[in-house]
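Quick heads-up: it's one chain on its own, the form predicted on its own, in structure tokens.
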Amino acid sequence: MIIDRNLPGASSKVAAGVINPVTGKRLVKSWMINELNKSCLGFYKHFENVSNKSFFYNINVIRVFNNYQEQNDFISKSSETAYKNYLVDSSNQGALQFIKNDFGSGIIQQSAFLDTKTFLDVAKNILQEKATIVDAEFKFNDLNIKDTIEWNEVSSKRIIFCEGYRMKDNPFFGYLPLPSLKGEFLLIEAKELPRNNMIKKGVIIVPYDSDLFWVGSTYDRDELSLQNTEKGVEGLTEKLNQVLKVPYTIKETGFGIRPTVVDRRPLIGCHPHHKNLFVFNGLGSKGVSLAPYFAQHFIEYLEQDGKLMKEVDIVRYQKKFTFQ
């Protein structure tokens, strides 16, 4: 049984779904990227075949440099053995007609993006054939924890909380460090902009649907209202104007609040006292790449008496707390 109220602010439903294997100013390979990419490819392509729909796209990221230092760092990194399959120096190609790239650009390979809206629609349709989906608000006072879990008139062997940023209000797992991070985005129409790459310079531009592109994102830990802000939209527009040479029109604005973790590792595991309460959360901005691999890892832990990786096991935080 899946209980899902479709509450506002859920980040998965509006995310760009980008898988970027090399990130940050220092151009560091994402954690476990080789294993994660393999898992993602098999997982998402399987469900494309099952549903006869397309939602997972393997396209490169064009990383546009802000200065010659960034260009030099990229070229240097691309010559390292560990990065040769990921980074390709393209700075000698000259300025692309549709991007402001006075300092050149490089290509990040083995990137991809997931059309999260289409995928979640497909997933819901598949799950409806195999499970009961309840559109209801989950109230913790309705939960009765015994040898089995009782909620209203439902009895279950266990319950798994996958609440995103709302886990802060969970009386069982709210102690876990899960700061909320709000991101705002734009959907723009840019008919002259090619759709064969993602573009990253201050923002990331992702081909979405028809002539539409997803542009994001802002990062705000303080302003967590369930609406777009003038500051967020203006900030994205200003950054977008520093990238594109072609005209565009803003067609839509949106936002999401995602759960982040201080050590940037998922929060997975069992409650220290209630052995039939579990959590699967904290996938943050890399949720598209992390979810398939760690969902399988979690299932093996639950059903085959496996052990969780210490990097994701919530035991790493429990020593700081006393539980009743």
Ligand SMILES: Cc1cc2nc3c(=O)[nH]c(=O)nc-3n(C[C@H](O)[C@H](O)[C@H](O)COP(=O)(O)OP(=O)(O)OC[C@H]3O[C@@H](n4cnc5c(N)ncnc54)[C@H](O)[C@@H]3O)c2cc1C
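Please read all numbers here as calculations on a predicted model, not as lab measurements. Position 1 is the first residue in the sequence shown; the rest follow in order.
This protein has a second form, the form predicted together with the named molecule, left out of what is shown; the following refers to that one.
*Asks:* Select from the listed residues Phe185, Tyr86, Phe74, Phe213 the one whose heavy atoms reach within 4.5 Å of the named molecule in the predicted bound form.
*Replies:* Looking at Phe185, Tyr86, Phe74, Phe213 one by one, just Phe185 meets the 4.5 Å heavy-atom criterion.
*Asks:* Does the 4.5 Å heavy atom contact test between Ile133 and the named molecule in the predicted bound form come out positive?
*Replies:* Taking the distances in the predicted bound form, the answer for Ile133 is no, it never comes within 4.5 Å of the named molecule.
*Asks:* Hey, in the predicted bound form, does Gly17 get a heavy atom within 4.5 angstroms of the named molecule?
*Replies:* It does: once the named molecule is placed as it appears in the predicted bound form, Gly17 has a heavy atom within 4.5 Å of it.
*Asks:* Leu7 near the named molecule in the predicted bound form, any heavy atom under 4.5 Å?
*Replies:* Residue-level check for Leu7: yes, a contact with the named molecule.
*Asks:* Would you check, heavy atoms only and a 4.5 Å threshold, whether Lys286 touches the named molecule in the predicted bound form?
*Replies:* Result yes; Lys286 sits at the interface with the named molecule in the predicted bound form.
*Asks:* Given that the partner is absent here, state which listed stretch (22 to 30, 255 to 263, 64 to 72, 269 to 277) has heavy atoms within 4.5 Å of the named molecule in the predicted bound form.
*Replies:* Careful reading of the contacts points to 255 to 263.
*Asks:* The named molecule is absent from this chain, but in the predicted bound form, do Phe138, Ser217 and Asn281 each have a non-hydrogen atom within 4.5 Å of it?
*Replies:* Every residue of the spot touches the named molecule in the predicted bound form.
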